[in-house]
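Coming up is one lone chain in structure tokens, specifically the form predicted on its own.
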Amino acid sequence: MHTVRTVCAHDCPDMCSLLVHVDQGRVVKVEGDPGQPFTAGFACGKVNRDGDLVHSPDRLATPLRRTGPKGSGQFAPITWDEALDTIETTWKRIIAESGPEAILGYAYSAHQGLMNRGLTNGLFHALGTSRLLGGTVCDSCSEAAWEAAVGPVGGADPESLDASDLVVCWGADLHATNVHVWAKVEHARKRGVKLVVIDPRRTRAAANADLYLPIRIGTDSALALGVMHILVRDGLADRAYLAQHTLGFERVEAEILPRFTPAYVAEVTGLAVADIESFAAWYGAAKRSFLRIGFGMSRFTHGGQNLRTVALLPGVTGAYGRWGGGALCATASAFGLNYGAVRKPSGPAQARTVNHLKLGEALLEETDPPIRALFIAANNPAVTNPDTAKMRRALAREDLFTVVHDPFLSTTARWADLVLPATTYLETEDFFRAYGTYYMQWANQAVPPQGEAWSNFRLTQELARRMGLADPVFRMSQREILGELFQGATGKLAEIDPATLPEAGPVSIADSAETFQGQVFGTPSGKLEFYSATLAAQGLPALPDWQPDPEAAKQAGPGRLQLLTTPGYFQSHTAFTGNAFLRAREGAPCAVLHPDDAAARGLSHGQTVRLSNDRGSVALVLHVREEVRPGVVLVPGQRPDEEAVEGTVNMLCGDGFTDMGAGATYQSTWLEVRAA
């Protein structure tokens, strides 16, 4: 038996360093690496079962060619040469007849490796095909909102939690997606630090909080403004910090905050005035309050305004200026790597761009030229995209040549013409940078590829060769490409010799308590922007505010409930679907209702219910518990149809846009729940 040091590639902000124990080519144990200070020697309950994922009997063993109708899942094995010949011939014909923009290909978030994900996207950039604007199904709104307030920079270092004197978890389910921050919170609480959780769902963290605020979906900006109102009223605003490091607060104070009295905020948010007052008092008294902001509050029509306003809150107390204080949304912007070397090795500066959440619409409606070929790696849009029914109608086009590269026969793969077996992250090597910490690390290959699986990296380079691309990056090894990623690096990255990284283990680029000089702001003014001229130029409100969701007027009505979708604890996304143990731990896909809503509909725990609106309907098992407030139906996890009674929840979600970042609005969905 031997041990391999590697990195978790799942879509999670923690980016755990792992020790993988291997015996005769099989993964026998996955555990956290004690040499990584933040992830601290433990892996989450999902990742420590990744040996089961690698050696699952459901893994694809060979390339497959479709033999039945699209969506039927009927395939026959073929060789890699047959599959690659078909792809090469078809793509070259389409380019000759319709131009490269008639092809769309991408890799997305199921593999976070900068090479296994990035180089695949670089292939299509170099070919000049249509390009996917990724992230709009996930974080583009939160990113745009954060940048409007703070700039394209990272937030507070989660390792500074050791110095925090208040922790606020706002819209982030730590146990599901950020468990190592929860470990830091537990250590802080042993020092007597209070925890406030603000979330429409009574998460595991909320159940253990000193104060839990079960906020109405989409009213986060109202609560943040209400807290600012109280801080100003009670003399708890840090006037010196506001004067030196922020822009426009005096306008917010004069024009916005007078409306957000505790009574009004309570009416909007559904919270008790006493709880709003308590939270504001705790926040105002703290000097080093740490605010963990989740992406979930941004997946709403006014999601950008929500997140932007919450991100402004630490500026009122000056917490941004102190180690252990401030806010953390994401850290990816802090890594100034030369991503273009991998993602954009060549190709035209401009090409048609397709918004990820509008992929189904683009496949159905683009005509100049129509999209005739689709390549998907590390993604499952037939489950995860909004308006899933439209996405599937698009995939059903007989004239759409679709290739899916996946370790399993995913829902999306069932609609493909060719399905290619992909490696998991433990079967390849890569380089990673976190998006919830300031660590980066080389990942070693733990075991050989299973069956005939190929990595994204290997497949990309072979397709590039067949398509005649001459860019050197398509012939380099991963270690050679690592050097390219550091070309032109500045700051702390410039001090790192990339040749040392494969043996270095986890490397941090964060400040320390001794070198920290306050949150850096990357806005045009160089300050925290309460007033944003950038947003004003886009026709958006320049000052933070709250307004009712216009979708409520269209969709809400008597008997209708608002949808809340969140990650599952053991099935946070469909990359874990192939693990039978984790599917059993999570249980069957369910809908959660408050007891009052269940009683009003004559529904009981354990029965099958149908969730429906004008987009469609799905059938799920009902759980009745006080995990959500009345008026909300919670559906944890994005689960494929075959696990549910019928359908998948994103069939009910529209493909409209958020106010910032052109993101998806999953939470602006209303529906009816009745017995199936």
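Residue indices: 1-based, along the sequence shown. Since this is a predicted model, take the numbers as computed values, not measurements.
Heads up, the form predicted together with a small molecule isn't pictured, but that's what we're talking about next.
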* To do: Spell it out for me: taking the small molecule in the model of the complex, does every residue among Gly155, Gln305 and Asn355 have a heavy atom no farther than 4.5 Å from it?
  => no
Review point. So, in the model of the complex, is Asp655 in contact with the small molecule at a 4.5 angstroms heavy atom limit?
Key: no
Query raised in the report: Would His111 show up as a contact with the small molecule in the model of the complex if we use heavy atoms at 4.5 Å?
Result: yes
Q.
So, Tyr435 and the small molecule: in the model of the complex, are they within 4.5 Å at any heavy atom pair?
A. yes
Residue-level contact is defined here as any heavy atom of the residue lying within 4.5 Å of the small molecule in the model of the complex; does Val20 satisfy this criterion?
no
In this chain shown alone, the residue from Ala416, Ile103, Val227, Ala575 with a heavy atom within 4.5 Å of the small molecule in the model of the complex is Ala575
Picking from Ile215, Ala83, Leu463, Ala266, the single residue whose non-hydrogen atoms come within 4.5 angstroms of the small molecule in the model of the complex is Ile215
Which of 561 to 569, 274 to 282, 477 to 485, 146 to 154 lies within 4.5 Å of the small molecule in the model of the complex, heavy atoms considered? The stretch 561 to 569
